[in-house]
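Single chain ahead, by itself, as structure tokens, in the form predicted on its own.
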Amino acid sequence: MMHRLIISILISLLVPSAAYSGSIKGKITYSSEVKLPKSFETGKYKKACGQNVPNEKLLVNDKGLMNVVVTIEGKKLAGKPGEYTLDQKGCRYAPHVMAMMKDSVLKIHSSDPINHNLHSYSFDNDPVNVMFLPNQDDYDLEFEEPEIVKIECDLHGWMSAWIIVTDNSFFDISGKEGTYSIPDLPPGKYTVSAWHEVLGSKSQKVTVKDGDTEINFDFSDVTPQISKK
């Protein structure tokens, strides 16, 4: 019996204990009635772009709100920068909304047979204004500071995208059903923020323990302000 006890103690000392972590998940909704924006007419560019380009400023599917960036703020949250791709395809930016940790690299590509001009609007990161020709090589852009960056094409006024540069790698973007999930969070107290390009931001305080924590956001009390552009 003593022999078994000694073996058990040795195993417990040699084998590292399980790393406890939690996750934050939930759903972003817009449950009030909303008039979705009309698609953009491309006019003289219809041969290359198609007659219409979808307007992605406000996408609601059965009350699920898409393209909401959910971020986590808290102590000792870090992560690893990555590499992301933004394409100019069908005279729109794909994806329309994206998020990445600071010091990540954005590879900008153009799949279109016509010229585009990518113009970024930022304060803490250097803005760029780059012409893209058909079959041009990718352009690498690095973001060193957290902020919300808007992207536009000066040649096609309907083209826009948003890049949310974060301070850590704990973030997600709500999908077609409005759901999101941020795993592998160490236990602790955090602020969860949800950002949408026309509905603004909401935030909640949360204490994460081992297991899942559900945080939902409803933007129904916000009136969408959507310009024609």
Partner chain sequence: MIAIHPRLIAIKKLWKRFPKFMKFNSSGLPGFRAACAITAFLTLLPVWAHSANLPSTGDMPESITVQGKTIALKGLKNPLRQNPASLSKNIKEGGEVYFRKCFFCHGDHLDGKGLFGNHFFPPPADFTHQTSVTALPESYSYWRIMKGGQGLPEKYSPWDSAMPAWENQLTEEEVWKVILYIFAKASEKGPLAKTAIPPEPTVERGKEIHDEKCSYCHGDSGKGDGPSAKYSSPQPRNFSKSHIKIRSTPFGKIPTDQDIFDRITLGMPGTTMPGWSHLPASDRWSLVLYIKSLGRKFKRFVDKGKKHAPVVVPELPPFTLESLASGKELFLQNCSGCHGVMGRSDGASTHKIVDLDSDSIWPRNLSKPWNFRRGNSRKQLFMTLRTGLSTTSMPRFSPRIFNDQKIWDIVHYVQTLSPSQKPTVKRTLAAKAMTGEVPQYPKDPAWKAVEPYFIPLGGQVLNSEKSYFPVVDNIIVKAIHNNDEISIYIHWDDPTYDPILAKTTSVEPSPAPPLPEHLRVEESEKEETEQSVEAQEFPDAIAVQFPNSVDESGRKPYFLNGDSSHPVNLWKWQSNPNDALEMNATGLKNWTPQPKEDQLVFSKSAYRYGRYFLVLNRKLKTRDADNDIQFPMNVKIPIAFNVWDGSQGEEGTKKAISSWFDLVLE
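Positions refer to the first chain, counted from 1. On a predicted model such as this, the values are computed, not experimentally measured, just so you know.
This next part talks about the form predicted in complex with its partner chain, which is not shown.
- Interface residue among 101, 153, 77, 94 relative to its partner chain in the predicted complex, by the heavy atom within 4.5 Å criterion: 153.
- Its partner chain is not shown here, and in the predicted complex it never comes within 4.5 Å of any heavy atom of residue 85.
- In the predicted complex, at least one heavy atom of residue 45 sits within 4.5 Å of a heavy atom of its partner chain.
- Using a 4.5 angstroms threshold between heavy atoms, residue 128 counts as touching its partner chain in the predicted complex.
- When its partner chain is considered in the predicted complex, residue 148 lies well away from it, no heavy atom lying within 4.5 Å.
- In short, of 22 to 30, 164 to 172, 46 to 54, 188 to 196 it is 46 to 54 that has heavy atoms within 4.5 Å of its partner chain in the predicted complex.
- Interface residues of 114 to 146, taken as those with a heavy atom within 4.5 Å of its partner chain in the predicted complex (partner not displayed): 114, 115, 117, 119, 123, 124, 125, 126, 127, 128, 129, 130, 131, 132, 133, 136, 137, 138, 139, 144, 145, in sequence order.
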